[in-house]
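Next up is one chain by itself, shown in structure tokens, the form predicted on its own.
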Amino acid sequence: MRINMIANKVGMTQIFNEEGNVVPVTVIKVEPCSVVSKKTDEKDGYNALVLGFYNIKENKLRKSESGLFKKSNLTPKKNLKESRVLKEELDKFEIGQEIGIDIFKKDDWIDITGKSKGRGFSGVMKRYGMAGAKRSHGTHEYFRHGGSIGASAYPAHVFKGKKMPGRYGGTRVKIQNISIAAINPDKNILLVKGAVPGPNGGYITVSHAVKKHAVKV
């Protein structure tokens, strides 16, 4: 069963493994998520758990959103996330039940989804790593340009997908098959090998890997 846990990215640090090698890790805070509601195949067309994360005041929500928590008699949550499950798995959970970090173990493979840092409108050198023009005599105001973008009379247009200046970052990014290097259940902390998308303090989604299973690295 794969459950999409909502978590906070704290930042990066490093640890030493059993062989004495330095391993760069990302610190993730996985607070308990509450089951806010359940989607059923009969009513909604699919089975899913709706998890809530981070308590907030009721006046911070829309009335349509606050009604969901009043119906379930739960504390309002800032973030909601669905997790598709099977019918028999759905029956194992109750409204208001908390799901914590204990569903993960050391050396588990996980997938992490987050929103990458937004860098605004960027040129081709920053956005795609292009080299730019030569800084020689005769080159004027063209140092950071991308160069030619198309042909002349034929085909007489720029092809779709051409690498051009534009918005860089601020998009949904999924990193697959990251290993859990260490876990601290008392502080709800996961240490995962490598980098994770998004800024420090940003919200991410953590779930067991689709392509890999819990094996020792």
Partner chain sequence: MNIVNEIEKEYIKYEDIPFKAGDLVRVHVKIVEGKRERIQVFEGYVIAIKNSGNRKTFRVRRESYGIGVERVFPLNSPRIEKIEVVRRGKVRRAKLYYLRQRVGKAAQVKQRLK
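Everything quoted here is computed from the prediction, not taken from an experiment. Positions refer to the first chain, counted from 1.
The same protein also exists as the form predicted in complex with the partner chain; that form is not shown, yet it is the one meant from here on.
- V27 near the partner chain in the model of the complex, any heavy atom under 4.5 Å? The answer is yes: V27 has a heavy atom within 4.5 Å of the partner chain.
- Message: So in the model of the complex, is the partner chain close enough to L49 to count as touching (4.5 Å, heavy atoms)?
- Response: The answer is no: L49 has no heavy atom within 4.5 Å of the partner chain.
- Check whether V35 has any heavy atom within 4.5 Å of a heavy atom of the partner chain in the model of the complex, and answer yes or no. Output for V35 is no: heavy atoms all beyond 4.5 Å of the partner chain.
- in the model of the complex, does K187 have a heavy atom within 4.5 Å of the partner chain? Result yes; K187 sits at the interface with the partner chain in the model of the complex.
- Message: Checking a candidate spot here: are V10, Q14 and E19 all in contact with the partner chain in the model of the complex (at least one heavy atom each within 4.5 Å)?
- Response: Contact check passed for all of V10, Q14 and E19.
- Item | Among 49 to 57, 188 to 196, 157 to 165, 144 to 152, the region lying within 4.5 Å of the partner chain in the model of the complex by heavy atom distance | It is 188 to 196 that comes within 4.5 Å of the partner.
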